[in-house]
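In the form predicted alone, a lone chain appears below as structure tokens.
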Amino acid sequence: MLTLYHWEPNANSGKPMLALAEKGVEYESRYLDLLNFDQHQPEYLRINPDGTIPALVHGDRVLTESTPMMEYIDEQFDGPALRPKDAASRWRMRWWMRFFDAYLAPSLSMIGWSVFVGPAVRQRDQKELAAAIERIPLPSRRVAWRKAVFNEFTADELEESRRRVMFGIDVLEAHLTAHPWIAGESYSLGDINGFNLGYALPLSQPQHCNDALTPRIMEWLRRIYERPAARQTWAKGRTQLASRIGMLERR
């Protein structure tokens, strides 16, 4: 039995969802509404006491952290290999996954919460929101949620996030000018990682990520979106967050 607890097919949840689809692995989907704090309810905390998503349950194993979860999926199940065979390409894939996770993801998350998600959540009762945040198990996540929900990001934090995103776009465009895929010559977990993080860049950063300025990134995003596994995965989305991917349709 394989069960995946996830939110929308983007950012962290989308990585194992797309990896499983690429491998052709069937799984039981358990949707958790992150904006409704489903991940902090007692039922889910019995699965993952940290209250983070996604979580993959395979037999008696519970796996968390989406990037190593993808490597587990690729190694554990039959289907097309999603990691290069040669050492140099595998190093390149892992270098980029670390860059995506540690450098770009926090900044894109901050901008996304500030522009898209936070305003929607803040329409709810403020006392109920505060109480829900206090129930978050991890102190670091409580701080992050409080800042995101109540728009407590400082001007300096937002400016640094924008700087990092601009730098990341430039580095990625240069890389994709030299290589068709993140690992080099083959599609891999690195592309799955980067796509889930960056598919909305043309929407969140239209003045910096577009067909004129970043044609390689745009083509890379479209090629991934046109894969049957990506179409299948994003069809599982339930909110406008997932529907944003429609911007990658070729006109």
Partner chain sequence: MLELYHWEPNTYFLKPLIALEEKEVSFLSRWFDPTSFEQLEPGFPVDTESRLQLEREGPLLVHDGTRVSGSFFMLEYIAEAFPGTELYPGDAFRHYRARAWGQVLAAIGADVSILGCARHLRPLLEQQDRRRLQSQLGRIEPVERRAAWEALLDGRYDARALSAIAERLAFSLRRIEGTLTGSRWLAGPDYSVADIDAFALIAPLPALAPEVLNATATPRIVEFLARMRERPAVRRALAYTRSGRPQQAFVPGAEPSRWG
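Positions refer to the first chain, counted from 1. If you're wondering where the values come from, they're calculated on a predicted model, not measured in any experiment.
Note that the form predicted in complex with its partner chain isn't included here; everything after this is about it.
The three residues R61, P68 and A88 all sit with a heavy atom within 4.5 Å of its partner chain in the predicted complex. Interface residue remark: E75 is counted as part of the site for its partner chain in the predicted complex, having a heavy atom within 4.5 Å. Although the partner is absent here, P106 lies within 4.5 Å of its partner chain in the predicted complex, judged by heavy atoms. Within this chain, F150 is remote from the site of its partner chain in the predicted complex, having no heavy atom within 4.5 Å.
Although the partner is absent here, W181 lies well away from its partner chain in the predicted complex, with no heavy atom inside 4.5 Å. When its partner chain is considered in the predicted complex, only one residue from M166, A81, A130, V143 comes within 4.5 Å through any heavy atom, namely V143.
Along 21-58, a non-hydrogen atom within 4.5 Å of its partner chain in the predicted complex is carried only by D50.
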